[in-house]
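For reference, the chain that follows is the form predicted alone, supplied as structure tokens.
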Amino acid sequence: MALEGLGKSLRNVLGRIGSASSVDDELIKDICKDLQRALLEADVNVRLVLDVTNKVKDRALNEPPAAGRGMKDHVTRIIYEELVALVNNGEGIALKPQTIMMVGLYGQGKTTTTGKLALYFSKKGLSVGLIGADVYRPAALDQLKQLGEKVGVEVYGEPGQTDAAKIVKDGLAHFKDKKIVIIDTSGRHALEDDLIDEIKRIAEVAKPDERLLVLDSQVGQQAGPQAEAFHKAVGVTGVILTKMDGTAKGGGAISAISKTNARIVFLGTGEHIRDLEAFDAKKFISRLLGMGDLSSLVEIASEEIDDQEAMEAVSRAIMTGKFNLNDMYYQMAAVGKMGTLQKLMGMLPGMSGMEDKIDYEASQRKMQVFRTIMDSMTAQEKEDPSIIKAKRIERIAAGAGVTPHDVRELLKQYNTTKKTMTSFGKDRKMRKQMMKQMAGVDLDSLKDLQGSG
């Protein structure tokens, strides 16, 4: 996940709180020092770091815990809230018909991000058109067309035309029936006068609802001044930070931008066309702290899983823990569609920080073996795995072309997963959050779950 180094350090801070015999003034002061160190190593501005840790210290020492909450939970909640406040700077982009103008310097990933954004809106059910208005980089239009073809979105361009504003005007007319129109503009090595003039002319023609600045997160704290400079020049409404996968300076970029007039709306978390995440301060900090982000997991599932039965199986299992091998089969199929295991791991409570201990390729292969084994089971065995004993194990193994050990390993994995899902199902607040996220799922067969806790 993004900023894994920072996440590991922050989880160590919380772990120290959890393992302490009691929370006293001395521990709070030590925790704040550890928090300072973690944020500074992530390139967060010194002044911001001091501001955050002073607030944490003051609240932890003077603010009484809420009724029924222990001191450990109280201090953990304070750290969470102050980190959210550090990076929270506004709402994301609305899912409504609009024109979006992409701006940025060379080498920031603007054109690639334009393709990712097109896929994001397409997955939300909105029709999208892309306009290639970069008249300075010869390969820009070809690159955009390749991306458009990959995500199934039409691209408009006029090869040889040097008037970017005219291309945009013609492109808007061409895409008059599209819900979302995204304009890819020219970049420069610096914020030069001719770039500003061109962007202004395009903006006058397009009257974009959003002007999104694409910034490489590796610039760290310099992201703040760059965002401010673009904002003064063209009225930036939002920022997309690219290359958030593993950069040590991502914390600096996020915190710097959050203190400007621009809001962070997306994070580019990898090279894959799907590696673009809507930025939500609460979800982002929850995942950094290892608290998980099950709402995003369900959201991804609802977009990626076409099979209604599979969607209901995944949702039911997450909410209640009441599932059988059929449900587990659907879950494994869903993971293959939803993306890599590594990306999904950070969304599960308690699993952040475990990513580097897992061989993901081997895990993917193991899931395929498990699905083959389940294909060799009877309907009764998948409905009630408890009946699978020695003789059945031998028959299933022979039918799947595996060893009895492989079958037992599947059953062990099933029981472990069932216990995990059961622990999720006991959390009433989590179930309500799940039900809210699954607005697109037919919940008739699940409505009894609302009263089960």
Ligand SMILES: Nc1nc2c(ncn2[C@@H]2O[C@H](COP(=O)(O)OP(=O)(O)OP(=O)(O)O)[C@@H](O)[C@H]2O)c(=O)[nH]1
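Keep in mind that what you see is a predicted model, and the values were worked out from it rather than measured. In this text, residue numbers run from 1 along the sequence as written.
Same protein, other form: the form predicted together with the ligand, not shown, and the subject of what follows.
Colleague: Check residue 255 for me: does it contact the ligand in the predicted bound form (non-hydrogen atoms, 4.5 angstroms)?
Modeller: Residue 255: no, not in contact with the ligand in the predicted bound form.
Colleague: Residue 134: heavy atom within 4.5 Å of the ligand in the predicted bound form?
Modeller: Result yes; residue 134 sits at the interface with the ligand in the predicted bound form.
Colleague: Applying a 4.5 Å heavy atom distance criterion, does residue 250 contact the ligand in the predicted bound form?
Modeller: No, residue 250 sits far enough from the ligand in the predicted bound form that none of its heavy atoms falls within 4.5 Å.
Colleague: Indicate whether residue 143 is a 4.5 Å heavy atom neighbour of the ligand in the predicted bound form.
Modeller: Answer yes; at least one heavy atom of residue 143 falls within 4.5 Å of the ligand in the predicted bound form.
Colleague: Which of these stretches, 105-113, 160-168, 173-181, 82-90, has heavy atoms within 4.5 Å of the ligand in the predicted bound form?
Modeller: Result of the contact check: 105-113.
Colleague: Of these, 204, 193, 375, 271, which has a heavy atom no more than 4.5 Å from the ligand in the predicted bound form?
Modeller: Comparing distances to the ligand in the predicted bound form, the residue within 4.5 Å is 271.
Colleague: Within 4.5 Å of the ligand in the predicted bound form, heavy atoms considered, which of 220, 148, 208, 187?
Modeller: Selected option: 187.
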